[in-house]
Structures are given as structure tokens and as C-alpha cells.
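Next up: a single chain in C-alpha cells, the form predicted alone.
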Amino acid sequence: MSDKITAGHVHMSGCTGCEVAIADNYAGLLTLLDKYVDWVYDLTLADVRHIPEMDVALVEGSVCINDKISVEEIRQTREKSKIVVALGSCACYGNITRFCRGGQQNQPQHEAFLPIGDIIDVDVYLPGCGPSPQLIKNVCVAAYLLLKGSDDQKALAEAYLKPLMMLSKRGTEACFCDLMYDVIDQGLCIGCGACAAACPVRAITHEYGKPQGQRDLCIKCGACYNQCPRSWFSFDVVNQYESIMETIDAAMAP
């Protein structure tokens, strides 16, 4: 594991909160950059004008389809990247950008936005508003092991990434209704409250041991569905969780 992978942050239409989540790894981010990742593209951190060839592209934000440059950049990202990661709920599901109607003072013509999966094929979803720093770190390490590790490490990395890859194939829409149909109505809800805690607009309350959703407040960000431990339960991860975490922790050790 001597050579690094190349990675970058591609910023579409978003609030930059997901890049803040990357930075919130603090010393862990420095370990990643020192040992495993060459950060080759980032509007904030790298002096590079055009999207380069890279192993992993972390894409934040949805795509404004009124902006020709944004549409071209997301297509270039797909062409030049081995793994495309939708970073955060705007990239995965559109989030609040689905409700944009134009009229912004700086760009009044920008009125239509789509999650990146509606335009290109996406390999991995990291939902959340924004995703947890730990999840971002784990996925970066797993991506490294998948591309550069031994056969055993590749198998563990693939097991860890598989549920997030399956999310990307599920589609670009998720809301409390999905949680109700797939989990609550099936008798699978354990009343843990993770969905209510994850909702960024407090559209979910926890009453009588079960979540209650207010559909008029839901912004379709997918945070509740993807935070639920029963929504995309994976035996591939659970049965090997200790081995996976030990491998990631060993990679991040100083």
C-alpha cells in the first residue's frame, strides 16, 4: 500500500456544508492526505481550473440544468473518475434545491436543479445533510483499500461499500413515505429515534415509541431513510463489522 489514490471534491449547487464535514475529520483528514490520498481537485483547496483524471470524485450539491458549464462539468466528472460518490443529500436526492424557482439576485436564471444521479451514473451514495465526518473518512479509506489493498482488504472494503452502492442504484428520491412503506408498515421499526434525530427540518417526531412524519414539511432529503438501521440492513457489513472497522482503524493509526 505504498502509492496513493487520487481524489477530489467537485462542487455543484450546494451550501458547502459537505466540504465542512470533510474538514471536520481534523487530524484524520491529515492522515488521509499524508498516507492515502492525493487531493487533486477542489475549488476551495486546490489551484486547478479543470477537472482532472482521478480515482475518486466526491460530488457535493445538485446540478443546475440551466447552467451549461455545470452540466458539462458533471459529465466530465463521470468520464474522468473511476468512482463517483454523491456526497450529501443534495447530490443524492436534490434536497432543498428541488424547491428552487429562480430569482436569486446573483443568478436569477438558475431555477431547475437535479440530483447528479439523474444526469450521470453514480457509484456510491453518502446521504445526509451533511454526511457524518466518520462516514466520509471510512468511505475514503475503503475506496483506497478497494483500489490499492490486498485481496482480503479489497473484500472487506467491498462489503463495507456494497450497501452504499446499492443506495445509488435505488434511485434519486427518498422521503419519510419510503421509511413508512419499507420499514414501519412492515413491522421492522425498533423505535430507536434515529430518523427523527437525522431530519434536518424536524419533520419527524417520536410519539408512543414510533416516528410520526409531517409530509408538508418533508424536503425529500433522504436523511431519515438512510439513517434508519432497518432500511438498508446488510449482512455483508454486520457479519464482518469488527474486521472492517479494525482494518479502517489500522489504516488511520499514526
Partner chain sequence: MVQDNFLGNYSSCVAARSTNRAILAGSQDGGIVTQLFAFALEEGIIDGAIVAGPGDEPWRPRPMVATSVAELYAARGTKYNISPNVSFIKEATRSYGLDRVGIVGTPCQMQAVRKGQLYPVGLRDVPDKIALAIGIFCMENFPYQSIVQLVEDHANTKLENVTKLDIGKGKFWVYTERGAVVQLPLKITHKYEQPGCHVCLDYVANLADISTGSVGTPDGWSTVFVRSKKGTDIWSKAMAAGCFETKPIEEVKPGIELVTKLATEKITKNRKTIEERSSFGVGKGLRNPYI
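Bear in mind the structure is a predicted one, so any value in this text is a computation, not a measurement. Here, rigid core means the biggest group of C-alpha atoms that superpose within 1.5 Å across both forms. Positions refer to the first chain, counted from 1.
Not pictured, yet referred to below: the form predicted in complex with its partner chain.
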Query raised in the report: If you check Thr77, Thr172, Gln153, Asn138 against its partner chain in the predicted bound form, which one has a heavy atom within 4.5 Å?
Result: Asn138
Query raised in the report: Though its partner chain is not shown, can you say which of Cys199, Val37, Leu29, Val56 has a heavy atom within 4.5 Å of it in the predicted bound form?
Result: Cys199
Query raised in the report: Counting only heavy atoms and a 4.5 Å cutoff, which of 109 to 117, 178 to 186, 78 to 86, 94 to 102 contacts its partner chain in the predicted bound form?
Result: 178 to 186
Requested in this report: Please run the contact check for Val71 against its partner chain in the predicted bound form: heavy atoms, 4.5 angstroms, yes or no?
Outcome: no
Requested in this report: Look up in the predicted bound form whether Gly128 has a non-hydrogen atom within 4.5 angstroms of its partner chain, and give yes or no.
Outcome: yes
Report task. Would you please decide whether Tyr144 lies within 4.5 angstroms of its partner chain in the predicted bound form, comparing each non-hydrogen atom pair? Result -> no
**Report entry** its partner chain contact in the predicted bound form: Cys228, any heavy atom under 4.5 Å
**Finding:** yes
Query raised in the report: Which residues from 65 to 104 come close to its partner chain in the predicted bound form, meaning a heavy atom within 4.5 Å?
Result: none
Requested in this report: Determine, after fitting the two forms on their core, whether Thr16 shows a C-alpha shift of 2 Å or more between this form and the one not shown.
Outcome: no
Query raised in the report: Core-aligned, is the CA shift for Tyr241 between this form and the one not shown 2 angstroms or more?
Result: yes
